[in-house]
Every structure is written in C-alpha cells, then in structure tokens.
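Given as structure tokens, the chain that follows is alone and in the form predicted alone.
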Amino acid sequence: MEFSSELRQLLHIPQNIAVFSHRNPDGDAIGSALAMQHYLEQYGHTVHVLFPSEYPEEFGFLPGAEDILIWDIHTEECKQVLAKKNVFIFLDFNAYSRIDKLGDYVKNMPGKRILIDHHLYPEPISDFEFSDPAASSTCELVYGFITGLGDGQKINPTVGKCIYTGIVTDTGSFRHATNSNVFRITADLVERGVDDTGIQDKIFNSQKEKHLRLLGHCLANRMEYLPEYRTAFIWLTRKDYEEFDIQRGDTEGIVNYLLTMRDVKLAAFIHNQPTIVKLSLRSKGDFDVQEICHSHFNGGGHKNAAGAYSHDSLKATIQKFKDLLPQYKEALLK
C-alpha cells in the first residue's frame, strides 16, 4: 500500500469520521469497521460506525458493536451524526449502491473519502483507494493499512479481535481464499493476545435450536442435486421464512454445506425476499461464480463466493439458474 502525505496528515490530526460497511453485514464488514474505529480513536478522532441494516447477533460480542448506528432503525440519529462528519471511510464495499439509502444520503456530502475493499470493479467513489481483490478479506487489508502507516503498535487485542473476526469468517475458518500473508497476520494477532479459539467459539457455536431445525429442513426438503453439472442448490420460500421465523443472518452459511459433498463444484442458495429473490453462489477450485452473478443476475463478488438478485419469481429464478448450467458444463466437469 502507498500512502500519500495528504492521507497521513489527514489521519494524524483529530477528525470527525464516519465508518461504513455494506447492507446485511457479515463478519468481515463488522470486523473491519470496528477495527478501524478502535484504531482511529487512539489518535483522538471522533468515530461512528454506520450500517444500512442490522448485523447478525453472533457478532454482538465484538467491542463497540452495541454502539453501531443502523440506518434502517436510527435514521434520524444517523443524519444528525453525519452532519458533523468530514471524513468518510468505506469498508468491504466499493459502490454507493451497496449501502442503499445511506449511500444516497452520503454521496453528495462534503468530506474526504477512503475506500478499503477486496471486491472486483471498484467504482470511483473515494479520494484514497486501497483495493485488492486478491486479499482474503477487508480485515486483511485493514491490518495492512494500519501497519503500512507505521502504526503496528496500535493493533492491540481489541483491534486484533475485530481483524481476526473478519479474516476467520471470510476464509471459512481458513478453508478458502487464504494466502501466506493471512497466516502471518493471524500468528501476529495471536502473539498480541488475541484469543483465536475463543472468538471462533463465539461465532460458530452460538446457534439456536431453530437454526439447526432450519438446516435440517433445507437439507431434507429444499435441496436439489444435479450430478451431471456437479451442482447443488437450496431454495426457501416466504412460507419457509414464516414457519421457521427466519431473521436476518439466520441463513448465513447454509450454502456452504452443499460444498461438503465430494462431487459438488457449484453451490447456490436461492430464496425469496419481500421484493426480490436473492442468490448466494459458492464454488470450489477455479470455477468463477462472480462471472455468473455479474453476467446474469445483477450481482458480483469474488471468484468462489458471490451474490446477486432477481426480480423474477422464485420459480422463474430457479429455472433460469438451471438453464444456465449447460453453458458452464465444461468448466464444472474439469
């Protein structure tokens, strides 16, 4: 990472800073945002973290999570806070559309903008851009951002806990999207006092009974396996959402169970939302699900993990997904 003198001066003088991440925030979104907040506050900055929507409750253990402002819930408070901000930091997203109405409100406000992200095709929304699609996570980049500024000593156990959370969730507990730098960072965080096993326990062993019953329903009643394309998918209806009282974050990770099948190379989770049908795609090896999402479903993401949406019905969206598979058959059977 290269840091201009303008950026160094901006961050080393107390500012009024807003930190943002995307709708439906995951571990990398909340981890990177809170890591940045706790780092910046050591310089005397006034920092608020804002998300368009709520985060999954399993991340409530992270320090500062309880103070995050949610646009969908605290709209007027968000507006009051933003009126005083002069620096905006965008983490784990690279287009205003990813923060929805919050983006519409912020994009014309005066102030310097910093983007740190690992998704493809960043839009020109910042004055200072740190984008690397090869990174495992935005938290990996936040670690590099802090150390690149010569502030490695400011990565205390609080900052480290947040960074580790983003890395461990975006790599699926180090099962994918890893690189040698990730393991060096993780070792450094543990040496600084981060309780790696304790964090994983809080994230992955906090399921409620309904989560296991929902998973059982998905695997027993809502899974379709297409061996001729090495593909499997799970679908959920609005009735399923009502029956299992599915809330934001309750379906996180379900799609990954499909990839535990030996011969599955492409996995999809397709489910009804109030106004759209959402798709989450995952893959093994070199198969690029980002291309499918970008080309056919108004979405994007990473090579092995991407998301998209459709304005068609659930049935029509599932059929469209299945109809696409023949054109990817050669790549899927490699």
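All residue numbers refer to positions in the sequence shown, first residue = 1. Here the structure is a predicted model, which is why all the values come from computation and not from measurement.
The form predicted in complex with guanosine-5'-monophosphate exists for this protein as well; it is not shown, and the discussion that follows is about that form.
When guanosine-5'-monophosphate is considered in the model of the complex, Ala305 lines it closely, a heavy atom lying within 4.5 Å. By the criterion of a heavy atom within 4.5 Å, His38 is excluded from the residues contacting guanosine-5'-monophosphate in the model of the complex. Though the partner is left out of this view, His119 does reach within 4.5 Å of guanosine-5'-monophosphate in the model of the complex, counting heavy atoms only.
guanosine-5'-monophosphate is not drawn, but in the model of the complex it has no heavy atom within 4.5 Å of Lys265.
Only one segment in the set 63-71, 272-280, 30-38, 48-56 has residues whose heavy atoms sit within 4.5 Å of guanosine-5'-monophosphate in the model of the complex; it is 272-280. Taking a 4.5 Å heavy atom cutoff to guanosine-5'-monophosphate in the model of the complex, the contact residue among Glu252, Asp201, Asp188, Asp195 is Glu252. Taking guanosine-5'-monophosphate as positioned in the model of the complex, the only residue of 80-117 that brings a heavy atom within 4.5 Å of it is Arg98.
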